[in-house]
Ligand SMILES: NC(=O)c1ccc[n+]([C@@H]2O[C@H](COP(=O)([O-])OP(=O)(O)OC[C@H]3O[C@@H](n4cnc5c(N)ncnc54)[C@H](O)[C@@H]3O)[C@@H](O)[C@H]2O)c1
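The form predicted alone is given below as one chain in structure tokens.
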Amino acid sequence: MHNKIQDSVILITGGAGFIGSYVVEELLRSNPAKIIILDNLIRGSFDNMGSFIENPVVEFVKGDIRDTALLEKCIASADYVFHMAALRINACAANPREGFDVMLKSTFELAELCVKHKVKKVIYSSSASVYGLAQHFPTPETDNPYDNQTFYGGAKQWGEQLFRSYRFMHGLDYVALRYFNVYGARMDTDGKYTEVMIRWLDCIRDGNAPLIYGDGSTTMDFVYVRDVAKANVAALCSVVTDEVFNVGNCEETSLKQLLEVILKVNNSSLIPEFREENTVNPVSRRLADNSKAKRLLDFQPTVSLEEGLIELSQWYSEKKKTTALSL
């Protein structure tokens, strides 16, 4: 199954990032000839690459995918490409022009270069954001994307359609993966767009009441990052092409339920405070149907929410201790 990886050269854009670093670790199990990581370290970090940065198989290139000459240099020798570099959803909204350059223009250049250099297959990181508020729950890949209201979701949908058209026009094999709510160790912890899990872990550490905006009924489908990495490798190794797959945990968890599990695994008895919701969230539910990925990729998630939150909590606690000691 993994013989595609063995002795191959694989490029990962955004490979120093949260999900990308786990994909590198998963690929290294199957003895690739080389893994090239192209990352500008805006969201990625050397900490994320700690387990493999010294590995002679790994070549780290600090650079931006908007640098087309550098992108071509990285793609020229690659057999396979994982295209994971992206801005966050809020960053696209805050700066749509930058969102266009990173999410659309650079993805177009990457597709062109993959055709030029005869890349065998591209694995494209898409998102459940393409659905907006889905029509069905659990949500199959056949749900339409017309209710998406975000630049980010639109850009990801365009990327899917770009690779589909390049498969038709140029024979470029690809698979697109629609991630649901990915979490886990190495997730973003700082800055304007910090995840709610991290904010709550800070509250638990400091003994402050965790805040829930709204009534806590909004649901998400939380999938652990190691499972997402395995889905990426399964997509590469399969014979499947010209397909899109959901990657979720197939469990619907409300914000209230999420906080209950986080408090439980951290042995905390804090009581949440509810605040008035200050933004309108057009997506009140998320729940993946993974049956297509199970059938065609032999992929199904293995990490439960409780297991994942234990790992996340332990990692974040160690990270905070290390940061405190270095100050």
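Bear in mind that the values here come from a model prediction, so they are computed numbers and not experimental data. All residue numbers are counted from 1 along the displayed sequence.
Here the subject shifts to the form predicted in complex with the named molecule, a form of this protein not shown in this document.
- Stretch-level contact check against the named molecule in the model of the complex with heavy atoms at 4.5 Å: of 35-43, 50-58, 292-300, 259-267, the positive one is 35-43.
- Taking the partner from elsewhere, every residue among 87, 156 and 179 has a non-hydrogen atom within 4.5 angstroms of the named molecule in the model of the complex.
- Interface membership of residue 63, defined by any non-hydrogen atom within 4.5 Å of the named molecule in the model of the complex, is confirmed.
- In the model of the complex, the named molecule lies farther than 4.5 Å from every heavy atom of residue 224.
- By the criterion of a heavy atom within 4.5 Å, residue 308 is excluded from the residues contacting the named molecule in the model of the complex.
- Contact annotation: residue 19 falls within 4.5 Å of the named molecule in the model of the complex, judged by heavy atom distances.
- For the residues 119, 111, 102, 74, the 4.5 Å heavy atom test against the named molecule in the model of the complex is passed only by 102.
- Checking 148, 139, 219, 125 for any heavy atom within 4.5 Å of the named molecule in the model of the complex turns up a single hit: 125.
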